[in-house]
Structure formats: C-alpha cells, structure tokens
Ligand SMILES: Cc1cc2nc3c(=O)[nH]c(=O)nc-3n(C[C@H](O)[C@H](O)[C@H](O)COP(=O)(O)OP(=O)(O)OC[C@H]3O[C@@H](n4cnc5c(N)ncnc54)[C@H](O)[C@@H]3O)c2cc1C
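Okay, so here's just one chain, in structure tokens, the form predicted alone.
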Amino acid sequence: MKRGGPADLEARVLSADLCTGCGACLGHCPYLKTLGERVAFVHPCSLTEGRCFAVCPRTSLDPDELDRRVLGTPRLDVFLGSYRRLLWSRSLDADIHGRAQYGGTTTALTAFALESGTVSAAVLTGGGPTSFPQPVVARDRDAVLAAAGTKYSACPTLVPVAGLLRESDEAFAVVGRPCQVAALRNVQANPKNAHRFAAVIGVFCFWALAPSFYRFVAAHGVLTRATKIDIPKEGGVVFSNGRTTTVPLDEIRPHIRPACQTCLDPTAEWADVSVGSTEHDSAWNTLVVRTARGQALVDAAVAAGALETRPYPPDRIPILRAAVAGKKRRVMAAVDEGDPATRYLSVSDDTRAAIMAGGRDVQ
C-alpha cells in the first residue's frame, strides 16, 4: 500500500484542491470530515503513515500496476483498458426502466446481486439530481430503486465502506465513479479486504460537478423541480420533469471540479463491469465487462432474465474510443506542460506514447 500520512494528504491533495470527493478516506480517521462535498481535517493528526493517504486515488496512481493487480494482464486497449466483452445492455424490469438512467443496467445488476445473494449490501449514491446526494447502504430492491438515476456531482459515496469493513465480514457491492473504483482497489490492496468487494460497478464519468452547481440550480427555480438530468452528446444539459429545460453546457462548465480536469480514467477501467450511455440509443447502456467476477454477474443476470445484452455495434466502437482518447490526450498534454495537478500519475513511456500516437494498443 502507498505510504504517507495526513500531512501529506493535506499538502498534496486537499489544500491543492485535487480531492475528487470519493469519500474513501472518511471513516478511516476521526479527524476527517465532509461538509457538502468538501473533505477537510477538523483536527491535526501527527501520524506519519495513515490509511487516509493509502486509499486516496490522488496521492498516486499507476495504471500499469493497477492493470496487473486488478485485471491480471497488461493493458489491452490504451483507451478503454482491458476487458473481456464490450456490449450494449438494458434492464428487462419495467420498474427499473421508469426510474433509472438510460437502459438501467447499473440498477438491474445491483438489484440482481442483492436478490441472488451474491452480496448482502450495496453502497450507492442516493438522492435527487438537483440537491446534494448522499451515500446509501442498500439491502433490498426498494432501496436500490430509490437510488436509481445519475447524479452528476461528486458525492462521497464511499463513506460507509470503512464501517462495513470493520463491523462485519459480509460481501457487498459498490457502485461508483472511476476515481472511487481506483480508491476501492487501494482499499482492497490490504489482504484482509480482498474478498469483501463482491461486485464493483463503475459508471462512466468525464467530470463531476462541484457544490456550486446546486447554488446555480437554486438560482434558477424551475430547475429544482427536475427529476432527471441528462447530458447528451450535443445540446446542453437537459433538466426533465415531464417538461424539459435545456441549459447551455457553457453555463455548467464553471462548476466542474478542478480535480476532474486531470483524471485519466473516464470509463472506470478497474471495475468488474463499467456502465455508461451509448451516446446513440437512450434505451440501452454501454457495458464493459472487465473481470471474471463481472462476467459471472452479467451472465447470471442474463440467465435470470434481469438483463438483456447484445454485441456492441462495430461502427460505434471507434466513436467510444475517440471520446476517451480526447480526454486522455488532454491529460497527457497537461503532464507534458508540467501541470502540478498531474503529479499523482505514474504513466509509463509506452502508454503515454500510445495515447499521443493515436491509440495503438499496448501489448
């Protein structure tokens, strides 16, 4: 595990405004608290090494090391990471379709994992789309359905994880953003935690919004009534509640968290499965199956009639890769410019060259 202490975390991440708001450090230390989505120390801590530093995804991140440790293979696709299958997927449950975003794959897999006994709890992000979301520990289908739908801010979803690890030996699922998946894999580096994460479901995330977004929403009263937010490929940010209101994306961009600008992983490359939109058909999701555990979960959900899958359309794969390529190249350009916010990254010369050369696969 990474070695450093609270002072290192404060200097390298919190004071530098590079915290992703993942919530992994919270619960490990009584001196770390969150207000809204801002993490801070409320009392000095003299430890020279601490779990708060070890689990943080922004103290250091080595993609090649995570590939080997989590996926057991060198990177197969420089942009999408390693994966076993690339699919379109959707829930076959009408209740889920009525609540979830796009095809409802994340909600369907989480509900199935609970109902099948694969996990006994699931750590999720609850709440509505226009107010501060909250971490939720769901133990039944109703709680999963209540948490359905995308929240575009950086909820510290992982706050309950430390307590779950301390208080029982149960296996649980976690649904999180890419930075949260990386943090979970840091937690899992401790051997005693290796078996606890029975399903890690990552959601695509190119950026998350800061708390100032909610002040923006409150200042535009009609937006507070939205029951769903969507950010299609073109056309701005859509707030829906029977009727739709579209806000130009340029009005939302100032609320993007600074830490998101230097994130190298928009598709949750170290999850068991990763889920996103198709940017083509809103009735389906993109589903990236990455691990044997993820494959087993998807296969079981399909066999039980909880999920439907189809092969990813070949003509859409270059579009997906191009979207991720743009993000990764911007971050690599920031590395080349010496941006201090990129110092947490340890990217091999081969991977960096492949990203900048146009995406030839790294073998």
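Worth saying up front: this structure is predicted, and the values here are computed from it rather than measured. Sequential numbering from 1, following the sequence displayed.
Omitted from view is the form predicted in complex with the named molecule, to which the following refers.
The candidate spot formed by 85, 291 and 297 is out of contact with the named molecule in the predicted complex: none of the three has a heavy atom within 4.5 Å. Only one of 142 to 150, 67 to 75, 161 to 169, 190 to 198 lies within 4.5 Å of the named molecule in the predicted complex by heavy atoms, and it is 142 to 150. In the predicted complex, none of the heavy atoms of residue 132 sits within 4.5 Å of a heavy atom of the named molecule. Using a 4.5 angstroms limit between non-hydrogen atoms, residue 175 touches the named molecule in the predicted complex. The named molecule in the predicted complex comes within 4.5 Å of a heavy atom belonging to residue 276. In the predicted complex, the named molecule sits beyond 4.5 Å of every heavy atom of residue 213. With the partner omitted here, the residue from 239, 112, 79, 102 that has a non-hydrogen atom within 4.5 angstroms of the named molecule in the predicted complex is 102.
Interface residue among 217, 138, 203, 119, judged by heavy atoms within 4.5 Å of the named molecule in the predicted complex: 203.
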